[in-house]
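Take a look at this one chain, the form predicted on its own, written out in structure tokens.
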């Protein structure tokens, strides 16, 4: 009897070994790393997850946890076992101010369940087709993070299964060391099976002001003002190229662009008159007020669905996605962004974009979400879609952008393409590195969970 047959007899959920299932989870959204597992387990319960991890430890098998598979450096891939957490996708209960869900539920499903109650999570990611467990493991950034922190910061309690196969409930008041390790812990210490999350009452409508800036310094000054005054509920910005033609760079003619900076500033509204532009935009230094958009709040939550649909129709969704995301100190943001954009060919963003996420440093509290110090921070992300033949050209450029961010005091956001050796991981966690190593040894002593991403030696 093979070990996959033996495992199938130990769990209540499904153990799948057919070619199609294994091939479907052999890569992730990054489409750079490929690892085909020998088996995919769809657990029926936390007890199933515990049985799988104990079995894996006995047989020296690696286990990857997979939700939406949105990772980009193979974090959700394994050559042995993949735990497909999408099978644990139930909304358990809704109480005053909280919702309890299984970890494999998608944020889209959760938002739809909560809509009738006119409540929602404080922070939502742009792509709602990712799972609660997945984004809690990474942090989970959104356009309201400047006010509420990450999704991991809105998590009140977790049920997890440690790498040793123990089912444990943890929170800020109970098993705090495990709670702090798992939130933004990139799946290294335990598998999240259930989460208790904050929810908040929201208004039924929204109004978004679409602003365009031609000066990065003006944008940064206005973002600082808007975060200080709290004029809006959501802030999202981009770097958008206007191609100008070709100029000589290093002896060769290369495409270049003039860069502009769209900003969408959104406020939730009730049934009364929506706030006027003169009131909300007073004193801002934008180049042009392009548009004002009104709608029902659920439309705002899904505002990027049409963009994703275009990427899918155009084929870029199926390209490689070596996204380089980082969090920068405010004081080095202008210099860093300007230098990166000056050396970025505008055609590199076909089927992708460059994001700016303004943030307040004190809004985030999960200890393993590494970020620069300071009250104001800037998230920056180069999010390209790259045809496989061009990866060898693109990856070194992104690696240089990553290193430059770190040299300027930034920290990487770890869901993207991360090419760290041991020294870089140690530097990333800094004074927290000893805590990371200790937590790994304590909660996953045989190192079976998502090995190879964080390099401990």
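Residue numbers count along the first chain shown, from 1. Everything quoted here is computed from the prediction, not taken from an experiment.
The same protein also has a form predicted in complex with a small molecule, omitted here; what follows describes it.
Undergrad: Can you tell me whether residue 336 touches the small molecule? I mean in the model of the complex, with a 4.5 angstroms heavy atom cut-off.
TA: The answer is no: residue 336 has no heavy atom within 4.5 Å of the small molecule.
Undergrad: Answer with yes or no whether residue 187 is in contact with the small molecule in the model of the complex, where contact means some heavy atom within 4.5 Å.
TA: Residue 187 belongs to the contact set for the small molecule.
Undergrad: In the model of the complex, is there a heavy atom of the small molecule that lies within 4.5 Å of any heavy atom of residue 357, even though the partner is absent here?
TA: Yes, residue 357 sits close enough to the small molecule in the model of the complex that at least one of its heavy atoms falls within 4.5 Å.
Undergrad: How about residue 181: is it within 4.5 Å of the small molecule in the model of the complex, going by heavy atoms?
TA: So residue 181 does not count as contacting the small molecule.
Undergrad: Hey, of 280 to 288, 164 to 172, 212 to 220, 71 to 79, which bit sits against the small molecule in the model of the complex at 4.5 Å between non-hydrogen atoms?
TA: In the other structure, the partner sits against 71 to 79.
Undergrad: Does every residue of 154, 232 and 370 put a non-hydrogen atom within 4.5 angstroms of the small molecule in the model of the complex?
TA: No, none of the three is in contact.
Undergrad: Which residue, 429, 29, 55, 420, is the contact with the small molecule in the model of the complex, using a 4.5 Å heavy atom cutoff?
TA: By the 4.5 Å criterion, the partner-contacting residue is 29.
Undergrad: Check each of 127, 87, 316, 332 and return the one that places a heavy atom within 4.5 angstroms of the small molecule in the model of the complex.
TA: Going through each option in turn, the one that passes is 127.
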